[in-house]
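Next up: a single chain in structure tokens, the form predicted on its own.
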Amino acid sequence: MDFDFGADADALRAELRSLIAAEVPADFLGAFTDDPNDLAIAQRFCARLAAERLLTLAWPVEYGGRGGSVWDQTVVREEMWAHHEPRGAQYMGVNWVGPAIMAFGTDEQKALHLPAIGAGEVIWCQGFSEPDAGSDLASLRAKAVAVDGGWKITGQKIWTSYAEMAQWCVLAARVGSGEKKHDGITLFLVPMDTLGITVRPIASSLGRHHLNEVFFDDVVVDDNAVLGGVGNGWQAIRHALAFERVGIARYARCDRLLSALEAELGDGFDELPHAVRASWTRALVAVRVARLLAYRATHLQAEGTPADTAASVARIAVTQADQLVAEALFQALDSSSLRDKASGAVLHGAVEDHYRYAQAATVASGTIEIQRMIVGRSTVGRA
């Protein structure tokens, strides 16, 4: 495998960096802060990307993309995450909801949802995790019961990012019962303003919008809400999560922060204790390994080869790298590491911001324990 992306990718990366420099303030640390202007910046930036057909660059032209390769999309993911994801919540729709609808949706679902995602006009949330199931999706208890012309859904979801601002939810619920835990799992595309849906934010160190509880009390949807057929949800979830696990290029921000800190400290970097510089080096090696593992998973997906295990391996590596980088940055800055951008922190507070996000990385997109279980089962032939 040759992971040299070539001159076209270099040109694309330069185009993206130029847009970010023009549209996103240098001290931007993400859309989900207490400052509503940060979300407004992300929404304007998404509209600009969509106008340039860059938001969904790898999608077919008819859905608002440029028909680019998965490697083009990888460049987009890397540049966005490296610069604190100025697409805001749109990455979820772009990275896996849209591709899942392309793979499993009806013509009507494609016509309704894909152009809206491609234009950056709609925010999606993901109704997968539950209080008594956690990231073990096969143990979910939300129920969907057939009614005249559709389905009545009852259950509770938790850790649902962006639920408070989302217009649509990809909801996993169980229809009937079967011999296996995966039997009956069905995906529904549900408008978040449907009667019976209640969202309760969960306070956390990640700030507003990241974590929510969502309650579905006798929520009624029509038959057109089913994605991929009744009882076929597990296949669609595996397809979606494989995209999601490699979709967030956490290694790109790690790499940028390590380099930025070295440049910021200048000669002072060489004066750091040997143990601190060694920690910085180990973190950089872990980041580069995680990058290559993510590329391997993307390569398999591009070839049409099942990539669940490779995606989980990459996810484990990038999660561990995320936390190594957080520790290395904290050691280098010592007592000033907890400053935020309002108190003149180094890199506008990006170190403190990264540390908080790194602590939560082990439970995002399926906990690291679930990823290890997937890899373990694959290794012993029980995938």
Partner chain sequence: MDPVLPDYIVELAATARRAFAELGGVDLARQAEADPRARELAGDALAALGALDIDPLADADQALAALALCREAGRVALPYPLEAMLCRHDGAVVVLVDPADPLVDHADLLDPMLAVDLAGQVHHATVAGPALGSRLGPFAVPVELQPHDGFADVDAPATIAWALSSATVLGYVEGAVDLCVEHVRTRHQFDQRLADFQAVQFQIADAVVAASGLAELALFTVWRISELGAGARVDALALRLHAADVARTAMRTAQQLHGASGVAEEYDVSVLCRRVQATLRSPVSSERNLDTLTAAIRQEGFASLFPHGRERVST
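None of these values were measured; they are calculated from a predicted model. Under this definition, the rigid core comprises the largest set of C-alpha atoms superposing within 1.5 Å between the forms. Positions refer to the first chain, counted from 1.
Just so it is clear, the following notes concern the form predicted together with the partner chain, a form of the same protein that is not shown.
Among Ser205, Thr305, Thr198, Ser259, which has at least one heavy atom within 4.5 Å of the partner chain in the model of the complex? Result of the distance check: Ser259.
Please pick, from Arg238, His182, Arg296, Lys110, the one residue with any non-hydrogen atom lying within 4.5 angstroms of the partner chain in the model of the complex. Partner contact (heavy atom, 4.5 Å) among the options: Arg296.
Contact check in the model of the complex: Arg44, Gly349 and Arg356 versus the partner chain, with a cutoff of 4.5 Å between any heavy atoms. Do all three pass? No.
Test of understanding: in the model of the complex, would Ala58 fall inside 4.5 Å of the partner chain by heavy atoms? No, no contact at 4.5 Å.
Using the partner position in the model of the complex, report whether Val375 sits within 4.5 Å of the partner chain, counting heavy atoms only. Within the cut-off, so yes.
Would Ala317 show up as a contact with the partner chain in the model of the complex if we use heavy atoms at 4.5 Å? Ala317: yes, in contact with the partner chain in the model of the complex.
Using the partner position in the model of the complex, report whether Phe215 sits within 4.5 Å of the partner chain, counting heavy atoms only. Phe215: no, not in contact with the partner chain in the model of the complex.
So if I measure heavy atom distances to the partner chain in the model of the complex, which of the stretches 269 to 277, 156 to 164, 143 to 151, 98 to 106 falls within 4.5 Å? Only one stretch passes the 4.5 Å heavy-atom test: 269 to 277.
Enumerate the residues of 50 to 83 that have a non-hydrogen atom within 4.5 Å of the partner chain in the model of the complex, in sequence order, or give none. Contacts from 50 to 83: Trp71, Glu78, Glu79, Ala82, His83.
Would Val375 count as moving between this form and the one not shown, using a Cα shift of 2 angstroms or more after superposing the core as the test? Moves: yes, 2 Å or greater.
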